[in-house]
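Single chain ahead, written as structure tokens, the form predicted on its own.
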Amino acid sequence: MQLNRFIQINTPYSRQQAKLLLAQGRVKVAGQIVTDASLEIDRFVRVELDSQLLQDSQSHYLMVNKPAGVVSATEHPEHQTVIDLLPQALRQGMHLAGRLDLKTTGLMLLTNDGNWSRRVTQPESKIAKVYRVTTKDPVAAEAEAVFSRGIYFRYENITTRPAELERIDSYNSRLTIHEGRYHQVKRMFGYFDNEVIALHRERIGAITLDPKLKPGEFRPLTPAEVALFA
């Protein structure tokens, strides 16, 4: 939004009067006097008129270690949600940059910055997501080759993007995918009639779950981590 329009909406002044206030040096943006009426501002910048604070929103970027049994939602009538894991003071305006199903654990990203979360979740970005997978039966010998070619999902009439499978042992693998279709990892192993009994997300892009975080705990992202999707 342009600064003069912002002043018009948030004060009794008209847009023309807002331009005069700016010309008089009475408006500060991020602590600096601004006279440019056409300056584009977002909701995360501090705006002052004389001694009146018009906006002081703060952006938040968090990683959460999601436990099993917690819903990837902002609210739910039956289950605890990921938002419920946060203190009350941090919940306002927060939303999820991607989801995990009820039983899946691990890394989730939360923010109140819609532009940032869209860059994390937009399909065309092809951001890598890395999962630790435990299966009921040993992983099929041909799984690496099949996953790297992609698997056809009849219901959606699509083929998954190439994925990378790293075997840890017969029952544990690390799978890297570049999309996030419904129950995708479980359905990929289901191609071999092999049930996924535990699923844990370790990484989104270059952001890795902090090993110090216990299930249900969170921490702010570092400036370097936020910049990865800036």
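Throughout, we count residues from 1 along the sequence that is shown. For clarity, every value in this text was computed on a predicted model and none was experimentally measured.
What comes next is about the form predicted in complex with a small molecule, which is not displayed.
K.L.:
May I ask you to choose, among Arg174, His183, Lys28, His178, the residue with a heavy atom within 4.5 Å of the small molecule in the model of the complex?
P.N.:
So the residue touching the small molecule in the model of the complex, by this definition, is His183.
K.L.:
From the list Asn112, Thr135, Thr160, Thr104, which entry has a heavy atom within 4.5 Å of the small molecule in the model of the complex?
P.N.:
Checked against the cut-off, the match is Thr104.
K.L.:
So in the model of the complex, does any heavy atom of Tyr131 sit within 4.5 Å of the small molecule?
P.N.:
Judged by the heavy-atom cut-off of 4.5 Å, Tyr131 is in contact with the small molecule in the model of the complex.
K.L.:
Is Val47 close enough to the small molecule in the model of the complex to count, meaning some heavy atom within 4.5 Å?
P.N.:
Contact with the small molecule, no.
K.L.:
Val82 near the small molecule in the model of the complex, any heavy atom under 4.5 Å?
P.N.:
The answer is no: Val82 has no heavy atom within 4.5 Å of the small molecule.
K.L.:
Would Leu199 count as a contact of the small molecule in the model of the complex, using a 4.5 angstroms cut-off between non-hydrogen atoms?
P.N.:
Although the small molecule is absent here, Leu199 would touch it in the model of the complex, with heavy atoms inside 4.5 Å.
K.L.:
At 4.5 Å between heavy atoms, only one of the stretches 74 to 82, 115 to 123, 93 to 101, 145 to 153 reaches the small molecule in the model of the complex; which one is it?
P.N.:
That would be stretch 93 to 101.
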